[in-house]
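As structure tokens, one chain now follows by itself in the form predicted alone.
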Amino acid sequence: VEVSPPHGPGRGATPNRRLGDVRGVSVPSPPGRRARLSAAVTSRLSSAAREELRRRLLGLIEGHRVVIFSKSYCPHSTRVKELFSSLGVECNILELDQVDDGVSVQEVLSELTNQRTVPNIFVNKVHVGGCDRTFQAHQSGLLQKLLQDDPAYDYDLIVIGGGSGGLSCAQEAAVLGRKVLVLDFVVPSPQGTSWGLGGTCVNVGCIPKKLMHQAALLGQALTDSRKFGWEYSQQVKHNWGTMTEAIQNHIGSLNWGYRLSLREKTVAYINSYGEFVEHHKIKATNGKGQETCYTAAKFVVATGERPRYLGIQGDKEYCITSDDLFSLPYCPGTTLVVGASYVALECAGFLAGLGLEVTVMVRSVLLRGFDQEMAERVGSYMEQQGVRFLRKFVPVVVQQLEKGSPGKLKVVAKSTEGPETIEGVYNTVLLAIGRDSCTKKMGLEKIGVKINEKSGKIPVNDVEQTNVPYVYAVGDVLEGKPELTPIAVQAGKLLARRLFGGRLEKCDYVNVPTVVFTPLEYGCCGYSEERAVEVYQKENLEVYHTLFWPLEWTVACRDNNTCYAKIICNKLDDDRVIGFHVLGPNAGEIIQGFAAAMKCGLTKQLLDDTIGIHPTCAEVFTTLQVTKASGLDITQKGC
């Protein structure tokens, strides 16, 4: 397929009969030579030919003000042509039913735009969409904005949010030669906590959480060490201040590293709060209230989430969240953790591991959305480690009894199953009941970006594009996508490559592995058992499972029937592994490798054919024999 030069054929030249280049009119095929279109055309395209066609299509789009991919008999295409004609706008129209290889063109277009239908409209390099979206853009004023000749934007891309996804996208776009601005501003928590560049993961999430989890594991290792011959007489105690200072120093170095990386890649960074004021224009407000406006051709929303509060008396005045915990200047003491999310259980786990008295108040189930058998096993182990669980209760009032660092708080809670109320006194109350997307105070409604009014999440298509063509979103603000740092990083990088590098790869949100860093780690990939039954039906599944005893636990005489492995197989698909679950030490290191195997189509037979590494915990997955359906005993003997 050939494309004419960007500004049309030279004087006296005949427009191409294949991929035509015309202004305002269609290019008919010569008499008797109507294009023969069939699905086979696409399948016959070699990868090299497909890449060349993609390159030429991008050249056509980038070289013209308005490009309409149409079909001559399509009434929706006709409406769009009439709209642009009424606006006095010259268009380049390609009638796919009247050119050779029209099917191939439409197939490659669908890869570029995630739209399989015509008309398919581009205005000043921005994909507007089909007929409905073009008329919506016209009614909202967006189309007129896009039609401005050679709009002089300040930036090619503005990224709102300096977390994992936003920084990944910004840096990749800059590497591809684009002018990029990152706006990032942390609104202090009700307790006054704020932090530097890098987002939740680096500052108040994954990084400090894993380091405090490690601190707790070291305490357990000290206990185990006596069984391995280590002798020490002095009392061993934990110093909260020493730990938090070291962790915050590490986080500070990461903040600086991010700023340095942006500078090296010539990405502009401004510590200001971004808010849309009109199409393609955003207002940036710094900490002193000074306002500056910037414009861009494209925007990426990557503002993430913040912890949710209960909405009861005393919650914002006296309670803390994960925003505050990791830099808390004093040991939290006796702690009530409200919630049963992974954040709640991880925090409760490492606080208990550091020797604190910890209670977890649970409204309904542990780890909602995760495999519930695994969740209950997580909770059971935490109880063995001294964490107390209050089930089916929710706080209704938090009162301050004494000021201090920490002080004393009284919590009144009500049963979710009846009129019963209970009271308790704690030094610290940590709320971990969920997170809300930071999308409702950034002017998205002014430019027509749709959000879920209840959750604040942003619906996008499978190329992370919102309903407003030049606005994209990545990370935790996305509706229906996993809220995980590596997902945001991958999505941001691939988005930049599609927007500015001519690439086609999309982020794969299927079979994403994750780990809950509770005292005994829980790693999983794929379906929970409940979800697998819902999707595939119980009779079509085979679940293999076993308890196992890590070698490191044997000499230490730790429980031999706590660690657990489970895989869920689809009997109708060659026993394909569709769910992979492990509860045990270093679960994250185990699940990462098996997640790659699942991407490659892992089956039970392939696991059986794999030679295990001995002695390791992971090798248990190469020797699974007992099915749940058999009812056979899986307990281990010893110690």
Partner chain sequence: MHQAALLGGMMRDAPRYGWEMAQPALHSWRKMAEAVQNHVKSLNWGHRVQLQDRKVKYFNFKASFVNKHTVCGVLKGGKEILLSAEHIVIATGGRPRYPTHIEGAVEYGITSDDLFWLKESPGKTLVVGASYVALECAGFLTGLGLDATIMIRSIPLRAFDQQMASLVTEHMAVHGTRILKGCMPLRVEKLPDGQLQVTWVDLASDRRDMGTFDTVLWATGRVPETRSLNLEKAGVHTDPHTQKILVDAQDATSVPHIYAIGDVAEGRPELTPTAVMAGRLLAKRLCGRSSDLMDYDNVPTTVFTPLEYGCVGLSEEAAVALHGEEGVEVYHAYYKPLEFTVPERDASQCYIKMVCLRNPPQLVLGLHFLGPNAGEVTQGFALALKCGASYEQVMRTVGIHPTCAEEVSKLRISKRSGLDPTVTGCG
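Residue numbers count along the first chain shown, from 1. It should be emphasised that the depicted structure is a prediction, and the values quoted were computed from it without experimental measurement.
Another form, the form predicted in complex with the partner chain, is not on view; read the next lines as being about it.
- The chain is drawn here without the partner chain; in the predicted bound form, the stretch among 465 to 473, 487 to 495, 392 to 400, 559 to 567 whose residues come within 4.5 Å of it by any heavy atom is 487 to 495.
- In the predicted bound form, Thr627 stays away from the partner chain, with no heavy atom inside 4.5 Å.
- Though the partner is left out of this view, Gly229 does reach within 4.5 Å of the partner chain in the predicted bound form, counting heavy atoms only.
- For Lys599, a non-hydrogen atom is located within 4.5 Å of the partner chain in the predicted bound form, even though that partner is not displayed.
- Mapping the unseen interface onto this chain, Lys441 falls outside it, with no heavy atom inside 4.5 Å of the partner chain in the predicted bound form.
- Every residue of the trio His250, Val555 and Leu607 has some heavy atom no more than 4.5 Å from the partner chain in the predicted bound form.
- With the partner omitted here, the residue from Val362, Cys206, Leu310, Val103 that has a non-hydrogen atom within 4.5 angstroms of the partner chain in the predicted bound form is Cys206.
- For the candidate set Ile270, Leu83, Met243, Leu176, a heavy atom within 4.5 Å of the partner chain in the predicted bound form is found for exactly one residue, namely Met243.
- Contact residues in stretch 576 to 600 (any heavy atom within 4.5 Å of the partner chain, taken in the predicted bound form) are Asn586, Gly588, Glu589, Ile590, Ile591, Gln592, Gly593, Phe594, Ala595, Ala596, Ala597, Lys599, Cys600.
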